[in-house]
Every structure is written in C-alpha cells, then in structure tokens.
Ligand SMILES: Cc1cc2nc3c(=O)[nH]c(=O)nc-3n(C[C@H](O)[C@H](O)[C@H](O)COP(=O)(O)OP(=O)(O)OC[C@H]3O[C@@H](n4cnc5c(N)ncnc54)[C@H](O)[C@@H]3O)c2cc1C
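Here's a solo chain for you in structure tokens, the form predicted on its own.
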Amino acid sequence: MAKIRDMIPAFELLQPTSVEAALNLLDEHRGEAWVLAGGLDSFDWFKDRVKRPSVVVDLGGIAEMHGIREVTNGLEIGAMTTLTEVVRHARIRSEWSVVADAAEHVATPQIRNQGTLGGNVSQDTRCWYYRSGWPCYRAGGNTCYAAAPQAMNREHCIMGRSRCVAVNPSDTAPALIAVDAKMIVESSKGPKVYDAEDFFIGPAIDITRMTVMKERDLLTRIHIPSTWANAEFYYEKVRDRGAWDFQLVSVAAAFQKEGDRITAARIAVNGVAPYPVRVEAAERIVVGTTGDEATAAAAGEAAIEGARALRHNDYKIAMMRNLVRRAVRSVA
C-alpha cells in the first residue's frame, strides 16, 4: 500500500508553449512523460508516490489550449480552459446549460478555478485500492480487490465491469455526451475527432486507460455543436456531501421537442460503470411521448437493464433508475 509522504518525487518540468512542441516532447520522452493540466489529479498521484514520472509536461503555457471560441456550427473549448470559465460563459449557460451545470458541480470553487475541462474528462478513476498502489488488474496485477467478497465497494460499478469494477469520476463527461460534443485528440500523426461517448473506454478495451488517449496523445479542444443548442436539459448529481465529493450517480440529458412531444433525446449516466453510460434504450422509449410519468418510469427501468450490484452498492441501481426517471419527467 502507498505511504503518504511530505514531498513529491523529483522530476524534470518541461513547459512548452505550443501544441506542436508538447507533442514533440511526448515523442522524445515516450514512456517517461506525464501530462500536467490543472494538476489536481496529478498531484494526488505524485504526493502518494504511486506515480513517479521522470518528466512532467506542463500544458499551462499553451495559449491555443485556453479559452472558449465561437466557431462555425457551435463553440470550441480549449482543453486547458478552467471549469470556472465554462460555468461563467454566457453562451454556454444560455444555449448548453447542462454543460455549465455539470462544471459547476465539480468539487469546490477553489478547485474549479484551477481544474480544467480537459483534465476533468481525462482524470483517472478514484478507486481507493488502485489509487493507494495495490497491485490490481488496472495497475498491472492479477486481481481486482474491489470485487472481492469482503471488499469495500460502495462507490464502484453496477455495469460495464470486465475484471475492473472502478467507475469513471468525471462530472462533465455525461453532459458532453448529452450535447454530442466532439473531442479533438492530437498526436504526431495528426488530429483525430471522437464523439464524446466514444472518447471514454472500458476495461474490456484497455484496462489501463479510461479514454482513447494513449501516452503520446493530447486532448487539445472540445467542440460543442449547435445541433443541441437551446434544447431542454437536465442535470443531477447525487453525492454524499453538497460540495467536494465525486458523484455516486449523476445524469445529464438533452431533449428536443415539437409542441409537447419529444422528437430526440440523449441521456447519459455516470458513476455506474468504468465509463459514462449512454442509455439509448431509455432514449428510444421517450421519443414521441410527452415525458409523462408512465414513460419516465419505463425509461428508468430500461436504463438499469443488465445492472448487477456488488456487495455494498445495490443502492446505485435504484438511484440510476430514479435519476433517469426524473430527467425524463422534467420535460413534462
């Protein structure tokens, strides 16, 4: 198990001023470099000495990765834009309020002032066995301690498990899925664009990662298309305390309507799987309806199909059902 110490291990700090320079450094120090955004997840790893990189590439000086810009057919948010900037941006609050709501639910104001949108969606899981240095599957070992019969697994997953039962911790991830955001990931081979729901991956694909990004990739910006601008949105996060805590379960939803009928829907839930879960079965149920109570109940039941609790987290099944139900009911 990791020991908490007073000082983080020594490393070489590199501070590029362009995306190209950062990518060159990641290529040069392949396998040894750690990417630093706001630092809130990184410094947790460093202070516990679980991660001991020899080189840290600080993205803070790359101007093109900061700020929110209006582009054709939507907005583009630099990955180094702080969560506070996202919360306060007038157009985001007006046209894609679910993204601002999700960002505002991250931790505390102090953390939102430092934490970045790119960092929030790229952070690693908070499973305490893994974060404490236990040799689990995700850390390269041969077991999942959280899935053991006597394990403490109250915060772990109810679906999507494949050896690992850790959950995705991002508050903004389900909101970005709800607005069909596009994630632009760059490497020395050029940029790639991923739908937000495809940006996150589960342990069945790669148990060592939570996103599509590999060690020499950078998430540089996030595009929010105008397709879902001014839709009806719903966001709710359930956590133990009103501030600071990661979600137990959260939901983000977007609904388009004609008259009183729902014509399109996107619903995503987080805190229940190693990746944010888009509940397409529930979406199909609500399209063409008014979001009435019977429809909302049916959507909630569809959302939890296949869910399987661990020893201490069966409450998440009911919580997921009810959050989806409330999201749909909000339309009516």
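So that there is no doubt, residue numbering starts at 1 and follows the sequence shown. It should be emphasised that the depicted structure is a prediction, and the values quoted were computed from it without experimental measurement.
One more form of this protein exists, namely the form predicted in complex with this ligand; it is left out here, but the text below deals with it.
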property: Contact segment among 85-93, 237-245, 155-163, 68-76, judged by heavy atoms lying within 4.5 Å of this ligand in the predicted bound form; result: 237-245
property: In the predicted bound form, E280 touching this ligand (heavy atom, 4.5 Å); result: no
property: 4.5 Å heavy atom contact, G60 to this ligand in the predicted bound form; result: no
property: This ligand contact at G118 in the predicted bound form, heavy atom, 4.5 Å; result: yes
property: Contact of D217 with this ligand in the predicted bound form (heavy atom, 4.5 Å); result: yes
property: The unique member of A37, A265, A268, A296 whose heavy atoms fall within 4.5 Å of this ligand in the predicted bound form; result: A37
property: Position in contact with this ligand when the complex is considered in the predicted bound form, options C136, M213, I207, A147, heavy atoms within 4.5 Å; result: M213
